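A lone chain, given as structure tokens: the form predicted on its own.
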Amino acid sequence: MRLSERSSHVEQSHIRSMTRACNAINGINMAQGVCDLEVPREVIEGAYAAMNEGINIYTPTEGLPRLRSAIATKMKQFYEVEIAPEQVLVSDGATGAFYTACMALLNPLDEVILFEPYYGYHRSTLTSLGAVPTYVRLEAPEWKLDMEALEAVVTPKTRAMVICNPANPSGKVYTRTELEMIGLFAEKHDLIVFADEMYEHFLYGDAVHITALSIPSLKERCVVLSGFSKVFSITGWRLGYAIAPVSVIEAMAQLNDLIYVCAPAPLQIGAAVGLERLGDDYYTELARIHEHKRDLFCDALRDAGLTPSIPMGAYYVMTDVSRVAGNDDFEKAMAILERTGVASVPGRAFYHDDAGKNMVRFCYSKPLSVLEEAAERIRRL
């Protein structure tokens, strides 16, 4: 059978290909962004109780009212942002929420700005829908926002931009000043801003998460995306959400119904219970644990003669591997895997050109004993 043109625009994820190569040698997989902490008991027991209570059938495609209300309460609690539950759509992961948002708001050939290094699924989603990504480079190690470069890439076809905050893969955390500049830029050019805030609770040092919804110039033109995969260690549950103006949520809901019908019913209750019962200390400890892991692994990278760009958020580290043998990033990532048994992602998975040819990304959200073993192996590199 002849495949569609759309299928040719979707590339195999470098993360999945490196995961397969790692599994083949029973190595340590620091390629895939799997948070390996235990799932909070409140979340597990909430989902289990919901199953026993018969919450096992279709839900409204927008999500169960209890979870939508819990998300609205969370935005008030953490960020002093007032939203209505009707502004929330629960979907099959933040990936699903982003897909339905793009379908609701973008047309084929619309241009969408991505900051490099970008998250590969953002680019793949856009290209699969016929949108055209354009790129603004943020340079290691500070990943500073370059407004002149941003202005230079705008054309009459530019419709939207994507920010990932905290950023996968760079670990950049956008400041309020940067977000305000982005908001003024979006107003000037009448752009939509997709703000992926999945790693909002993974912050280090004095970094603070500023949600796009708290920026006045962005509040009515942004779609905030987040979820529970990372913060509750439930990547396999596929629970994410979008927050947007009600008219956008209503359009997204029609598409969400068509593609996913609804998110898993009892798992929505588990996430709602987690939001309702877990206190500030849970999130503080989550950040503390990952800051320790960041420091532990970045020290090992430096001891090995590599140059990591120290992340301020999320749980990935982009690392210069110029000193590793190989002609490009894929050969260097494979050399690291073959010599140490530790898998990473080739840097060009996060760039549209060869800018990442001397970089790889590691995910350090691993059990401490596994991470310590990985650090020792890397030191021998």
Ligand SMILES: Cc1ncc(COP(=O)(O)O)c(C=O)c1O
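Computed from a predicted structure; not experimentally measured. Residue indices: 1-based, along the sequence shown.
The same protein has a further form, the form predicted together with the named molecule, not shown here; the description that follows concerns it.
Query raised in the report: Contact between residue 264 and the named molecule in the predicted complex at 4.5 Å, heavy atoms?
Result: Output for residue 264 is no: heavy atoms all beyond 4.5 Å of the named molecule.
Query raised in the report: Wondering, does residue 308 line up within 4.5 Å of the named molecule in the predicted complex on heavy atoms?
Result: No.
Query - 4.5 Å heavy atom contact, residue 224 and the named molecule in the predicted complex - result: No, residue 224 sits far enough from the named molecule in the predicted complex that none of its heavy atoms falls within 4.5 Å.
Query raised in the report: Can you check whether residue 230 is within 4.5 Å of the named molecule in the predicted complex, heavy atom basis?
Result: Although the named molecule is absent here, residue 230 would touch it in the predicted complex, with heavy atoms inside 4.5 Å.
Query - Residue (of 164, 243, 71, 126) lying close to the named molecule in the predicted complex, criterion heavy atoms within 4.5 Å - result: It is 164.
Query raised in the report: Which of these residues, 94, 102, 182, 269, gets a heavy atom within 4.5 Å of the named molecule in the predicted complex?
Result: Flagged contact: 94.
Query raised in the report: Using a 4.5 Å heavy atom cut-off, which stretch among 149-157, 71-79, 129-137, 196-204 contacts the named molecule in the predicted complex?
Result: Single hit among the candidates: 196-204.
Query - Stretch 304-324 - residues with a heavy atom within 4.5 Å of the named molecule in the predicted complex - result: Contacts from 304-324: just 316.
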